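A single chain comes next, written as structure tokens; it is the form predicted alone.
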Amino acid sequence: MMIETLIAVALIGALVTFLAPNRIAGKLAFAISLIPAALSLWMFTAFDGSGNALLEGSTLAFESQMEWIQLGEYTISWFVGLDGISLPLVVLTTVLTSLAIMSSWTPIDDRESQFYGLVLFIEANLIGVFVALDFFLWFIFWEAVLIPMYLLIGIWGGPRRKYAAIKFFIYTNVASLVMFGAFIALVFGLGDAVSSFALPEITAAMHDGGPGAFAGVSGTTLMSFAFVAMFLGFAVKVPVVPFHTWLPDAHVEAPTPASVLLAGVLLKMGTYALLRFNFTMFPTDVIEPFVIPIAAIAVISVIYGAMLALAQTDLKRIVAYSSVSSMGYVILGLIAFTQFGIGGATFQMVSHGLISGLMFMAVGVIYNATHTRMVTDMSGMADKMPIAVGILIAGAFGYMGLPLMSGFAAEYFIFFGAFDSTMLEYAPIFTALAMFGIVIVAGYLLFAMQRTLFGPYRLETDYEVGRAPLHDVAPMFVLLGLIIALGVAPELIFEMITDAVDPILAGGDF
């Protein structure tokens, strides 16, 4: 019942925080959030699962299953469990939520109880996305994440918050409908081979002959159609080019703590779903025709996202477009279909969650002090805010792939796995093109830091810009410590990740 406890604590905590007075809501929410964080860390140390949650022969950790609803001939169950892919993402969610709440104490000074209640509600549903093993249960959590994030952007966001919130909601909701329709058609095509929406049962049926004809469409065509539709639905959530346009608007208008969760965890919903559904559930002969197009999308996202970041003058937009580029690496690792490729992609999900969270926190701390994020307005911030600026520089070097930081380990795993791929034709060329993105990343980050952090101080304000308070920099120290820990000892999570990746590859010669 540990998973249920995690979700229940976050949900009950959200309700309690909603009802709490504003003056104590932030501290109360932080105290409550420490419970799921501590529980998830204990689960990490006590993890005894093996294999992949969707494939036969696996041993799930903290598994529980109970019939819930009978929907015609299909059973919907409360079915949850953890493997080496989902557990690191659950820990990332709980830890980042606690740190995001602490980082909110300075910028959030209105309707605090509602704000922190929504953050805890997001946490509960994010955990649900990563642990659910029944499609309907998973989809409920998946959709429930949208509502509180829409409210966080639309109520506490910047001047164009309503536009950004509506754009975020429409893009992601339409994508969810496309994905949902494709999956349901696939299940109906499987016919009597499945009697529930349990993901392991559906995966077994997909690998054991797949669907038959449905609505006049052959089983082979149906699988190809479902693969494409589900990929597009998840690609919007990632997001990859050309479905990325909602992300910079959402980040720029969102309050900093919401940006931390959006970049740190919500984007990982899309890549996690791609791994679970498209690259685990479907047989390799369905994936193979789409390998080159998906690899091209990945490389374009890496290069184009980095080029867009190079053209920005708003620090938040720079970090937002960096996320588009970073998620391109994840897609490349997944389509490489090797142990290091898929394992590195999963490692990159965790690494990017930590680094992007750190970067958005650092930009938020500078904005709290200066009330501007424009590169052209700032200079010499290192003299005024040395600690916050030092952490920002460290986070930027993590983004660039500095050795002994998690970004380097993630990119090395992905490049090694992609270069060695036998499923991806012209793998060395795609890998080399993606590696060029690192040069562009270094260019725009170094340029932005040079303009804003060094040189003479020239920001004209009516107030004194000084050192950030402890509760603003403490979460960044924690994130930086985790980034370095995973860079120095990637085996902390990489071994459990590859244990869950190996069964995916066992069905082919890749």
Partner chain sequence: MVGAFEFAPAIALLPLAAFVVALLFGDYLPKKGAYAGILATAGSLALSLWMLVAVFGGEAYNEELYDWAIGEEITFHFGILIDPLSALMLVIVSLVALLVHVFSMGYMNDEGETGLRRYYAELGLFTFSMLAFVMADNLLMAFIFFELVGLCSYLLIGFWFRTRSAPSAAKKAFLVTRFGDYFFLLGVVAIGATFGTLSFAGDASFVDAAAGAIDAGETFHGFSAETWVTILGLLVLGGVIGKSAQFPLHTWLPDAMEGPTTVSALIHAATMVAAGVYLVARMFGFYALSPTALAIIAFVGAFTALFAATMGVVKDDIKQVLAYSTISQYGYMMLGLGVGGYVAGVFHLMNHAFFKALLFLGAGAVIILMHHEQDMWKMGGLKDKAPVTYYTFLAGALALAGIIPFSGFWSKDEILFDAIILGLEEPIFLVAYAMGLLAVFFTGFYTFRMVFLTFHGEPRTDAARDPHPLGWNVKAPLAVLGVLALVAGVANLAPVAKLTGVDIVFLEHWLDGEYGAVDGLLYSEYTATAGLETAYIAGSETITLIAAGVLALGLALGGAGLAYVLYNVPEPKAHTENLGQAREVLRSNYYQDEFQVWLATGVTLPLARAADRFDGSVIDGVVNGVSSVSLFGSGGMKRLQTGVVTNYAALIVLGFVALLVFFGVYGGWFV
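Quick caveat: nothing in here was measured; it's all calculated off a predicted structure. Numbering follows the first chain given and starts at 1.
Absent from the display: the form predicted in complex with its partner chain. The rest refers to it.
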_Each of Ile69, Pro428 and Ala489 within 4.5 Å of its partner chain in the model of the complex, by any heavy atom, yes or no?_
yes
*Could you work out which of His244, Lys268, Arg276, Arg373 is the residue within 4.5 angstroms of its partner chain in the model of the complex, going by heavy atoms?*
His244
*asked:* So its partner chain isn't shown here. In the model of the complex, which residue out of Val439, Ile184, Ala296, Leu177 has a non-hydrogen atom within 4.5 Å of it?
replied: Val439
*Heavy atoms within 4.5 Å of its partner chain in the model of the complex: does Tyr367 have any?*
no
*asked:* Taking its partner chain as it sits in the model of the complex, is Ala37 in contact with it (heavy atom to heavy atom, 4.5 Å or less)?
replied: no
*Exercise: Ala213 in contact with its partner chain in the model of the complex, heavy atom 4.5 Å*: no
*Does Tyr171 reach its partner chain in the model of the complex if we count a contact as any heavy atom within 4.5 Å?*
yes
*Which one of these stretches, 250 to 258, 188 to 196, 150 to 158, 90 to 98, sits within 4.5 Å of its partner chain in the model of the complex when only heavy atoms are counted?*
150 to 158
*Within 409 to 423, which residues come within 4.5 Å of its partner chain in the model of the complex, counting heavy atoms only?*
Ala409, Tyr412, Phe413, Phe415, Phe416, Phe419, Asp420
